[in-house]
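Two forms of the same protein chain are encoded below as structure tokens; each is given separately, as structure 1 and structure 2.
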Structure 1
């Protein structure tokens, strides 16, 4: 048995006990009232889910298992995955043991490449990535064991097995999508001596003489790992998983939500916006010109990508982490300059416009400019990177939900007539 399974076998009885106790003691306590505005407003702010992997505070941003994100930007994605799953940062032995499991399961079945090669040449990289996950559904350990009569208290173990096998393959699948979709030549075999994030950078095949792309990929894959339970991708994935659909179905479903321009696709939209500015002004414009450009965009009825958030009311710490990385590693790049200048300009414009509840940048405002600088210029690929990382949070939440026996998701909808008579 792996150290991870042992650790979870120690922890899960306590988590189950705590959940049972709070239901016994406070099961009837009211934690939220729901307004008509919220019912018509994407359920914004309604407390209706429990998620212990991470929390998003309006004024501090992402907190992973009680640790503010900016305190752990140095850790590897594999470490954050273990933190999400267990609530503890691993020691060296636990990390090595986990990394060896990821390496063991990293090989992608050949039929995945056949399917990806057969897709239309102009398929979106996200459609390819999510198809690759879905086509591997037949590999599901949970599906097989469930059919054989797996006991409910052991569901989480089979979900964990699927989670590790799936996440282990995502860097190779992501890199494969990149190389197939953008005609980069043969697929590149994994280097089993590299860690998970660096190996992804290696398989992309982008020249990386100073190993900065590897550093950036580790940071990128760590920062995007989770954002509590109610965002579109987590919520969709968890809803599908609550029907006991296995993680291949559920992760693919969640990532289809990440592919929307108001969610994960915003990073592609954001870089597109920055490049439009660069082309329009033939370089980095003055702050006055930039302000006018942003106003023109708003006045044409379009959002400023990379700004605003459904929960945050402060600059996203993930944005701060990327800007810090850029300041350390990038000199004289008009694209990164524009991103930094937008940060000086956009919040005051959005405040003056008075619509967006949060005028500050989110994660997507900076990430694309770094990828672009270090050689990944195909911005329709960026949401795939986000997906590789976010899958860790999604599957961690699925393991925990199955361990706690959280039932199938089924909130109640109401009709307009019901609201008229009852609200």
Structure 2
């Protein structure tokens, strides 16, 4: 039995007790009132879920298991995965034990590559990535054990086994999609001496003589790991998983949501905007010229991509982490210079305009520029990177929900006529 299983076996009885206790003590307490505007507004702000892996504070941004994100940007993606699952940062022994599990299950079945090679040459990378996940559903441990009569109290163990096996393969699948879709040559075998994030960078095949790209991928895959339970990808995945669909079905469902332009595709839209500025000025403009450019855009009825967030009332700490990485590792790059200058210009312009409740940048305002700098210029692939990371958060929540026996998600809907008569 792995150290991770042992750790969760120690913690889950306490989590179950705490959940039962709060239901017994406060089960009838009202935590939210729902307005008609919220019902028609995508349920924005309605408190209707429990998610202990992460929280988003309007004033602090993403908090992972009680730790503000900017305090842990130095840790590996594997460490943040264990933090999500257990609520604790692993010691060296636990980390190595988990990394050995990822290495053990990293090989991708050959039939996955056959399917991807057979897809149309102009397939979207996200369609390829999600297809690869879904086609592996036959590998599900949970599916097999459930059919054999697995006890409900042990569902989480089989879900965890699926989660580890799936997450272990995602870097190779993501890198394979990149090389197949964009004609980069033969697939690159994993290097078992590298950690999970660095191995992904290795398998992409992008030149990295100073190993800076490996550092970036560790950071990128760590930063995008989780964002509460109500974002589109997490909520979609958790809803599917609540029907006891295995993680292959559920993660694929969640990532189909991530593929939308209002969710994971936003990073490429932000980079297109930055490149539009670079082309317009034939380089990085002065802050004065950039300010006028932003005003002209707003006055034409267009938004500034990457600025404004549904929850945050501060700069997204993921944006801050990327900017700090860029300042340390990138010199004389007009694209990154524009990203930095936009941060100095846009919030004050949006405040003066008065329409934006939150003028601060989100993570998408910076992430694409870093990928572009290191040679990944294929915009449509960016969301695959997001997906590799976000899968960690989704499967962590799935394990915990099955451990706590959270039932199938089934909110009640009402009709327009009911609202007219009863609201």
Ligand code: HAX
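Note that the rigid core is defined as the largest set of C-alphas that superpose within 1.5 Å between two forms. Since this is a predicted model, take the numbers as computed values, not measurements. Numbering follows the first chain given and starts at 1.
It is structure 2 that shows the chain in the form predicted alone. Residue 301 shows a C-alpha shift of 2 Å or greater between the two structures [criterion: core-superposed Cα displacement of 2 Å].
A movement of the C-alpha atom of residue 285 reaching 2 angstroms or beyond is seen between the two structures when the two forms are aligned on their rigid core.
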